[in-house]
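One chain is shown next in structure tokens, namely the form predicted on its own.
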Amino acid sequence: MKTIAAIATAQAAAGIGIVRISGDRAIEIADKVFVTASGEKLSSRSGYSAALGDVYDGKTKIDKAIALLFRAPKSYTGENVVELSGHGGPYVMSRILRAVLNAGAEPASPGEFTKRAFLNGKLDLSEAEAVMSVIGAKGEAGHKAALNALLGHTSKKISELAAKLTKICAHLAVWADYPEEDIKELSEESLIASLTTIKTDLFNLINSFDAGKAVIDGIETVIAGKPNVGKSTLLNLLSGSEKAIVTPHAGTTRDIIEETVRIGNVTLKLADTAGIHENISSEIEEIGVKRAVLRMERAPFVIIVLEAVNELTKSEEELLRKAAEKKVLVAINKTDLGVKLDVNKVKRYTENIVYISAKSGEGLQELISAAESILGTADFDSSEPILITERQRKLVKTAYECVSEALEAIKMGMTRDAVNISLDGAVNALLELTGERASEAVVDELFKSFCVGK
């Protein structure tokens, strides 16, 4: 396998930057570009050691650096690894990388270091997926959850469920294939009880996905409503700064204004949209409204702002109808001016309603609490196993459906062979989740989302 190299730190000015080299020839290549202060070759040193020296490109000295040496299999990738830590300027890092490539290394593809760690058994596929979640975590709870996934909490739970199902499958198969051995048949009651428990565990894992994504990655959130209801004021309140222009005139916001904010455990990737209404007076306003509607249709979470002082309009009722199909929170604004709105009409579409004054900040905590409750992050336990990618959610959902089919087959009085076929499907899905039966195409696709250097 080729020896690869890449800059493993951010492409920006920093005190330290790292060029990582991994593969059978990593130490040999590092010796071509790095000269230790003592004159000792890296190839003569033991693993888990560091050496001060200089990096050269041919005869040209590039930088002073420290070489960290890891010998296989005791490294991140399971291969020989050398990390050259120099001064972190983008130019310096690019020169060091160029010298390493000139010495015989190949440029690493996105995620190739972590892919090799997976292929060499240093971590399974679900743990590998957690790497980018740890890097991209938006807050403490998200970081803890992603780190626990990286440390194998999710893999352990999946392996436990797969082992339980495998044991049941084995017992059913042996009982059916070797009747002369007088093997005790699993009673229908005990089989149903065991599978029901497994089904519940799978269901809980599936439910962890949305909350986990919201906590770790943040959730796309659209603030929608008719013109001049206080959408921009709410954005400014949540962000704690004047991100959006606010005037008494309707239609001030013509394009989408974006801001990322943290509320409680969750990160909201907020988009303040143009007012959605019917009486459009210009082409620019029409474009803004169309963009607002499209953005709302794509967003998994919508905050609809209504005025407490006015009754619902037809366009607002249509907005509520569309948003009712997803996670939605209605913020009834301008409560400081009195409440004339018939809330029962709103409740036809959702019970998730809070009263606020975006101008004064009244009701902000109630809005935050309601958002966390809707998104499932209010009681989020970062120590529990969670699913963090769509691939994981899909495979656990497949396992859940297979176990449900098996339970239905038992209740219908079908043969144990039929039950076993469904349970085999569940086991295969869970094993693919951890990578034990993942195809090469699946593995390649997974690591494409990684950054170069990781």
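The numbering used is simple: start at 1 and walk along the sequence shown. Remember, predicted model here, so these are calculated numbers, not experimental data.
One more form of this protein exists, namely the form predicted together with a small molecule; it is left out here, but the text below deals with it.
- Residues with any non-hydrogen atom within 4.5 angstroms of the small molecule in the predicted complex fall in just one of 220-228, 380-388, 201-209, 92-100: 220-228.
- Put simply, of 292, 358, 165, 158 only one has a heavy atom within 4.5 Å of the small molecule in the predicted complex, and it is 358.
- Only one of the listed residues (233, 352, 267, 133) places a non-hydrogen atom within 4.5 angstroms of the small molecule in the predicted complex, and that residue is 233.
- Although the partner is absent from this view, residue 122 stays clear of the small molecule in the predicted complex, with no non-hydrogen atom inside 4.5 angstroms.
- Proximity of residue 336 to the small molecule in the predicted complex: non-hydrogen atoms within 4.5 Å are present.
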